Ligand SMILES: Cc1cc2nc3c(=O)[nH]c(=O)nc-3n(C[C@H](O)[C@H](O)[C@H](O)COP(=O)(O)OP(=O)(O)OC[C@H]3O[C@@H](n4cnc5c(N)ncnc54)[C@H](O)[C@@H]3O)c2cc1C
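In the form predicted alone, a lone chain appears below as C-alpha cells.
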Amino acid sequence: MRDVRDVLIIGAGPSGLAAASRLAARGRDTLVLEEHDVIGRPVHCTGVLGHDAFAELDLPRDTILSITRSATFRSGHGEPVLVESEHIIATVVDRGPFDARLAERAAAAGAEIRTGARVEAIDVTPSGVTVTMRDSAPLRGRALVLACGANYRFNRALGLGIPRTHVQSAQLEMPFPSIPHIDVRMGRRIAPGGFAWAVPFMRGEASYARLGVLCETDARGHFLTAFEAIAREYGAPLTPPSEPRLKMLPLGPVKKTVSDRVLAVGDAAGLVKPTTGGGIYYGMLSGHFAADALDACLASDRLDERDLRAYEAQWRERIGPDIRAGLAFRKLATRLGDRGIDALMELARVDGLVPLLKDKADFNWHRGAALALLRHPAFRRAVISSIWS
C-alpha cells in the first residue's frame, strides 16, 4: 500500500473523473473516493449537454439516448413557441452508464477508484492532506480535489466558502407517451424563478421522458403541478409513479476554488450554468483545468494556494464570462411576473426573437444568446415594462 498518493479526489462524478483521467495519464498516483456503492447512482441530473462536447471532451457516445434539435417554450396555458436549429444540438445521455464509462477510462489511465468510501474529515497541513474515512484507515495525499457535488460540508473548514444562493430541483424519469420536442414551461405557478421540462428519449423501443422543475422553493410541490399539466397534455397518467429525486443546485461560484493543497471543481466549486443549473460540461472543463494546474504544481512541489491559483485563473478566463452573463440574465428573468413572461412569449412569436435565438444560441455556452436578448430593443422594453408594472 502506498503511504502518500499524489492526488486524492473526493467524488466520482464527471468533474472528479475528468481530473482523475488527466492526472493518471500523466503518471500521477491518483485515488478517487466515491461514497456511493455504484458509480453514477443515484442519478440527479437531466443528462442533457450540447453535442459539440462529445468531440471536444472525447465523451462516450455509446451512452447517448437521443439527439434533438428542437424545443418548445411556453408560459401558463399559452401557445408554445418552437425553436428549431440545425446547429443547436442537444444530446440526452444515460447518466449512470455515462459516469461508469468515465470511470473505466480513468481506471484504464491508471487511477484507482474506490466505491463505498465516505470521507468524514479532511486535515490539511504544510506537508500534505489526510482524509479520515468512515470504515477504513486514514489516507494521505500531496493534494486534494473536491469533486463531491453540491455538498459543502468541507468547504467552510477548508476556507473555500459556499455559493451565495441556491435553487431547488425535482426530477423523475419514467415511461411516457412520445413527445416531439423538448418541452419547457415557465411561470410563477408552475416554477417560480425557474422552469419545468419534459425531455423525451427512447430506451430500446420504449418511449421515455425525464420530467422536472427548477425553482426557488417547494420543488416537490411545483413538480406535481408541472407533472399534471404535462401529463394531461400528452395523455399520460396524472399521478407520478414514484417520488421525484430532489436536489439543491448552486447558483454562482464559491468564494474561492483553491486553498493550500486543495482545489474544488464542478458543483463543489459552484461551477454550473446559472440559467439551467446544468453542470456536466462546466464540471468536466474544470476537472481538466484542475488537473493541468496540479500536474505543474506537483512537478515543482509547490502546492500552496498562491501556486494553485493558476487553476482559478484558467476557469475564470474560460467559463467566467458565461457564468457572469448567466447570473445577470437570471437576476433579470426572476423579477418577471407571469404577465411579463407572457409578453416575452408573444414577442417571440411576432418580433423575430426565434431567428435571433437560432443564430446566437449554443447549448453549452449561453452568454451569446443572453447578451443578444438583452441588446434586443423590444425584449428590453418588454422586460422593463413588466418589472415596472
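Since the structure is predicted, the reported quantities are computational estimates derived from the model, not experimental observations. We number the residues from 1 along the sequence you see.
There is also a form predicted in complex with the named molecule; it is not shown, and the following applies to it.
When the named molecule is considered in the model of the complex, only one residue from Asn155, Thr275, Gln171, Ser75 comes within 4.5 Å through any heavy atom, namely Gln171. Residue Ala117 is the only one of Ile182, Ile319, Ala117, Val262 with a heavy atom lying within 4.5 Å of the named molecule in the model of the complex. Of the candidate stretches 117-125, 157-165, 254-262, 230-238, only 117-125 contains residues with a heavy atom within 4.5 Å of the named molecule in the model of the complex. Under a 4.5 angstroms non-hydrogen atom cutoff, the named molecule in the model of the complex lacks Ala370 among its neighbouring residues. The named molecule is not shown here, and in the model of the complex it never comes within 4.5 Å of any heavy atom of Gly326.
Interface membership of Lys247, defined by any non-hydrogen atom within 4.5 Å of the named molecule in the model of the complex, is confirmed. Of the heavy atoms in Thr46, some are within 4.5 Å of the named molecule in the model of the complex. Annotation for 226-242: no interface residues with the named molecule in the model of the complex [heavy atom within 4.5 Å].
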